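Single chain ahead, written as C-alpha cells, the form predicted alone.
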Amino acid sequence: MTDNNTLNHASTPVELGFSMPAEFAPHDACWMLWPQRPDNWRYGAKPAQEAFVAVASAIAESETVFVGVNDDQYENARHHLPAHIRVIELSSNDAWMRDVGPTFLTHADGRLAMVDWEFNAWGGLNGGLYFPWDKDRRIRMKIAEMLGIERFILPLVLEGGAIHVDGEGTLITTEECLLNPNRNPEWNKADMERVLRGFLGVSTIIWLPRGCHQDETDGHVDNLCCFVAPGEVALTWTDDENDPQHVISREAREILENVTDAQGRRLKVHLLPQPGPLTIADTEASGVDRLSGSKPRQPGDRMAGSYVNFYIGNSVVVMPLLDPAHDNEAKTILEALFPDRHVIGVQAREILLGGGNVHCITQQQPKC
C-alpha cells in the first residue's frame, strides 16, 4: 500500500526489485543545499556560499543541479548561482545534502525511489553537531513529493556519507559510524547488515574500523575511502608514521587488500595523498558565531581534510583543492582513475571549515 508516495514497506525495496546504484553510474541530477548557519560558517556563510557556487557550477557542466534554499536566502542564492542551476525553496537547518538527503534507488523497469533514513545531526543529544535538525528531517519527504517517487521510510539513523556502494552488490562503511551508540544503540552489526542488504541491494559489506582522524561525523567512510570503479577504491593515505591518520589508513588498506567483493574480485586500492595536516586559523575561528547547541570552531583544531571527498558526475569529477603542496598530485591521480571525465578542482577550504567537503554537500540522483 502507498500513501502520499510513501511505502510502508511490508516488503523491502530489494524484494520489490530496487537497489542503490554506484555514484559513477549515470545521473539525472545532483542535489545541494545553500549554507547560511552563522554558528558553523564564518562571516555569515559568505565565503562558504562562494565555494558552494563553485561546486554547483562545476557539476552543472555535467548534469542538472538543484540547490535548495531557505526562504530568507532565496534571492541571494539566485543572484549568485548561474541561471542554468535550478534554485528551489527547500528549508534546511544546514547544508549537508549527502547526509540529510535521500538515498536514491533504481528499478530495472525505470522507476526511481528513495530510502528515507532517520537523521539526528550526527549523534543527537549525545555528541550531535547542532540542534534542532527538524527541517533537515523533512527534506527527504519533500524531495519525494517533488519527484513523485516512492519513499521507503526506515527509523534507522544513517547518513549518506556513511556508505559507499559499487552498484554490483558491495558496500563499504565504518564501524565507528554505523555502530556508534549515538546513532542506533539498540542495533547490532547483524541487524545493520540485514537492513543494508534488504534496502540497498548489497550482498557483501566491508567494515572498516574507523574513518579519518578527527572527523566530526564519527568516521564517515566517504572521507576515507570510496569506489571509483567496480573492484577499485580510492583511500586517503599518509606515509608519516607519526600522524594519527597513518595507522587508520594502514588498517583500512590491509582490510581492503584482503577481501573480495560481491563479484569475487580482490579490490585494487589507489592511494590519494592526505592534504596538510590542516588546522583552523585564528581568523577563521573568530568569524564563526558562538551559539548554544552547535559545535565550537577553535583555533588550532585539526580538520579532517581528504581528497577522497570528491563528487563523480556524468562527465566530471569535482575534487576539493585543500593544500598547494598536494593538490596537483591528487588531481593527477584522479585524472588517471577517471580518464573519460574532466577533473575539476575547486577551492574548498571554506567547506572544510564547516566540517565536510565536496561529497558531503552533494547527492546524486541516478538515471533510471
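As the structure is a computational prediction, the values presented were derived from the model and not from experiment. The first residue of the sequence shown is number 1, and the count goes up from there.
We do not show the form predicted together with 6-aminohexanamide, though everything after this point is about it.
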(message) Counting any heavy atom within 4.5 Å as contact, can you tell me which stretch out of 211-219, 134-142, 74-82, 149-157 lines 6-aminohexanamide in the predicted bound form?
(response) 211-219
(message) Test of understanding: in the predicted bound form, would residue 40 fall inside 4.5 Å of 6-aminohexanamide by heavy atoms?
(response) yes
(request) State yes or no: in the predicted bound form, is some non-hydrogen atom of residue 13 no more than 4.5 angstroms from a non-hydrogen atom of 6-aminohexanamide? (result) no
(message) Can you work out whether residue 176 and 6-aminohexanamide are in contact in the predicted bound form, taking contact to mean some heavy atom pair no more than 4.5 Å apart?
(response) no
(message) So, residue 129 and 6-aminohexanamide: in the predicted bound form, are they within 4.5 Å at any heavy atom pair?
(response) yes
(request) State yes only if every one of 32, 164 and 227 has a non-hydrogen atom within 4.5 Å of 6-aminohexanamide in the predicted bound form; otherwise state no. (result) no
(message) Using a 4.5 Å heavy atom cutoff, which residues in 297-313 contact 6-aminohexanamide in the predicted bound form? It's fine if the answer is none.
(response) 297
